[in-house]
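In structure tokens, the next block holds one chain alone, the form predicted alone.
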């Protein structure tokens, strides 16, 4: 049994990724939320490292999965570097046992990679064939596309959506997730 610590900008993000990974690996992994009370930019506070050290030592996870949104496109290198620097700093706190899922642009890009499942859930007919990494504001895109439906998309829907997404479809259409997933499997001994 491997214990994986989870750190993200929002509990919806960590639960969503947990749901997605458990679809592919339904046994042998236990996920434990760390820094539960920190949201968004609060994770950038220098005091987070001290809190993480205490929680990491208490939970004793085998690895820690860090989830952050770049809030920018792959060409916005300054924003990408900011997330990388944040991860590198906190990875030292967890004894280099961290894995980073760096969402380009934001978590909802993964939904765009399996738009067929989203369409089924929301009874929409959205066509999305572009590279998900280059969709500016995927959350806003999904909200706008469902704005005239009975069930408009909200980010709080992510855990349930991710529970239904096709992981193989995401791996085929989202190169940053594919790279992350390979590192994840390697780190947790699933290769």
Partner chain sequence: MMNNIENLHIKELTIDNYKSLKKSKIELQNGLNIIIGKNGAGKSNLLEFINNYASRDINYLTIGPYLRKIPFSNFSVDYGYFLDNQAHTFSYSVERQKTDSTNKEIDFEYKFTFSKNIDNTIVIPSMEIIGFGKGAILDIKVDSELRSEFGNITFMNRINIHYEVPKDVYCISQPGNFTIDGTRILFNPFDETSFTFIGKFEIQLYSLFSKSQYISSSKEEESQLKKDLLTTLDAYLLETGINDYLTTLTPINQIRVNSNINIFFRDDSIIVENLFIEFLIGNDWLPWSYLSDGTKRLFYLISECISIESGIILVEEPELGIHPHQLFKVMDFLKEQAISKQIIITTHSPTVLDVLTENELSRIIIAEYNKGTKFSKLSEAQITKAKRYMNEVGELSYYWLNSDLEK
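Residue numbers count along the first chain shown, from 1. This is a predicted model, so every value here is computed, not measured.
Although it is not shown, the form predicted in complex with its partner chain is what the next lines describe.
Okay, which stretch from 131-139, 153-161, 63-71, 44-52 lines its partner chain in the predicted complex, with non-hydrogen atoms inside 4.5 Å?
Heavy-atom contact with the partner occurs in 44-52.
(message) Please identify the residue among 127, 27, 147, 58 with any heavy atom within 4.5 Å of its partner chain in the predicted complex.
(response) Of the candidates 127, 27, 147, 58, 58 is the one lying within 4.5 Å of its partner chain in the predicted complex.
Practice task
Tell me, yes or no, whether residue 165 is in contact with its partner chain in the predicted complex, where a contact means a heavy atom of each within 4.5 Å.
Solution key: No.
**Asked** Mind listing which residues of 16-44 have a heavy atom within 4.5 Å of its partner chain in the predicted complex?
**Response** Residues within 4.5 Å: 32, 34, 35, 36, 37, 38.
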